[in-house]
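Single chain ahead, written as structure tokens, the form predicted on its own.
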């Protein structure tokens, strides 16, 4: 029996290869020079992101399928990869404030972040079920370790243990669902799912349901969200920021590719997805109301935001994919910026994860307070911010004439109204009369200021000039087929 050779396109794999080389360089420098500073190691990480993005530029607008069809570097994956690299670079900038006793070697920490991102890039380009699982596991295994590198160690390690136990269970659902999907259509290719989806055989329905449970956990969609508040609170601040943005970007790439490859506009199999979106918007916004810890508040916010993004898949058309990419970009800018302000104010500590620390902040630190208000206004959907225009796009997609579309639109509006209070209470605290002193913090480091400035720039530009991004995206949906 002759085994056919695997066709490899190094052009398509170049961004991941470059990023992997950066991870190896970080480990080598850390090994050879145990006194290497965090600035050097994280600087190598940022340079690796820039180099990987440079390797992506020749791929813009192209579609290359490699590894015998298992991986695709196409117009669909390009923007997801760019968002992942952006998130990784900003995570390194925020990590520059980590203290020496925060746990673990800075070289190991940086390498884990890099290889975690490579797993996300594999997910963005995965063209069959095996590649999807490999990408998710590479991303998840690195995050399990990163979640346990925070301080105090007890709470961080507890968060890591919860994450690995629940994450392993979700992976079991995912791989069992993949096995059933393979049994339904006899192929691992995502494109082959369309035939089985059209017939809605019991095997396909069961497989897709289990597959959706696995992805729902990674996205923190209700009712698979219960891990998020505890893990967000216990993980290091920079890791929480990466978890909130990077994991969602990579997993939504998988979900969108599966939905666009397998389903038509009115497939009844997607009803479960719409129900999950509605539940997530309600659970996320209502759950955030009573939160006093901002990391937990951002966890519930991420649940609601994930529900919003699912609305973009309503109709399974090219406008939906464009809206998803726009909203993901807006979410990345605002969320990374908000975590950047927390890191900046606390000088790398968790002191500004508590809502009470923001009392009267504007009168002590007006610029960080104003920027935090900007980011929370965008998450709430206030006009002239990226989040506002993103929600307008989602509402247009939701009103497609179906009952589920209208239900999602109404829930989105209701969730947005609730979020005005959720984010508004933080802003109100910052501009309220001062009662006592907030925790002392220098907040003079340049690196986190760069991250905050990048988040603010994106939030404003995408809100005032949304066509600079959105107008260039409609062609992307063709790549999902």
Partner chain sequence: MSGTLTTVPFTILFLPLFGTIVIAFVCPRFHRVAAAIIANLAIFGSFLLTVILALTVWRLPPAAQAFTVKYPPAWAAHPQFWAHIPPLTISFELRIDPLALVWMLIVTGVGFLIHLYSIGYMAESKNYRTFFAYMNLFVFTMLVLVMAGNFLWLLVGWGGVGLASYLLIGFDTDRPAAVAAARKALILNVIGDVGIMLALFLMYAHFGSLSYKEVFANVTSAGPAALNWIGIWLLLGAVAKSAQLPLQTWLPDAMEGPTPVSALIHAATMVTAGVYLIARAHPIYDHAPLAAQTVAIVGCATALFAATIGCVQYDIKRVLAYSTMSQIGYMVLAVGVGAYAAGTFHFVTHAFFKALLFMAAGIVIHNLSGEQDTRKMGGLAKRMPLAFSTFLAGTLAITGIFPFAGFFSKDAILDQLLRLHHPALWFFATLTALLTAFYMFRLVFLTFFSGAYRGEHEPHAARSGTMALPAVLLAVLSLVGGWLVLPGHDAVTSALASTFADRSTLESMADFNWPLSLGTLALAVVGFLAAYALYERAPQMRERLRTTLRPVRALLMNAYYFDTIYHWLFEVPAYTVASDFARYVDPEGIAGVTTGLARTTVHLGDTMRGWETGYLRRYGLSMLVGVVLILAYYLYVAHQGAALGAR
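Positions refer to the first chain, counted from 1. Nothing here was measured: the structure is a model prediction, and the numbers come from that model.
In what follows, reference is made to the form predicted together with its partner chain, a form of this protein that is not presented.
- Using a 4.5 angstroms threshold between heavy atoms, residue 376 stays clear of its partner chain in the model of the complex.
- Contact annotation: residue 185 falls outside 4.5 Å of its partner chain in the model of the complex, judged by heavy atom distances.
- Its partner chain in the model of the complex is approached by residue 162, whose closest heavy atom lies within 4.5 angstroms of it.
- Contact check for residue 465: a heavy atom falls within 4.5 Å of its partner chain in the model of the complex.
- None of 324-332, 287-295, 139-147, 106-114 except one has non-hydrogen atoms within 4.5 angstroms of its partner chain in the model of the complex; the exception is 287-295.
- Interface residue among 259, 382, 283, 196 relative to its partner chain in the model of the complex, by the heavy atom within 4.5 Å criterion: 283.
- Residue 213 is the only one of 409, 369, 82, 213 with a heavy atom lying within 4.5 Å of its partner chain in the model of the complex.
- Residues 213, 217, 223, 224, 225, 226, 227, 229, 230 are the ones in 213-236 with at least one heavy atom within 4.5 Å of its partner chain in the model of the complex, listed in sequence order.
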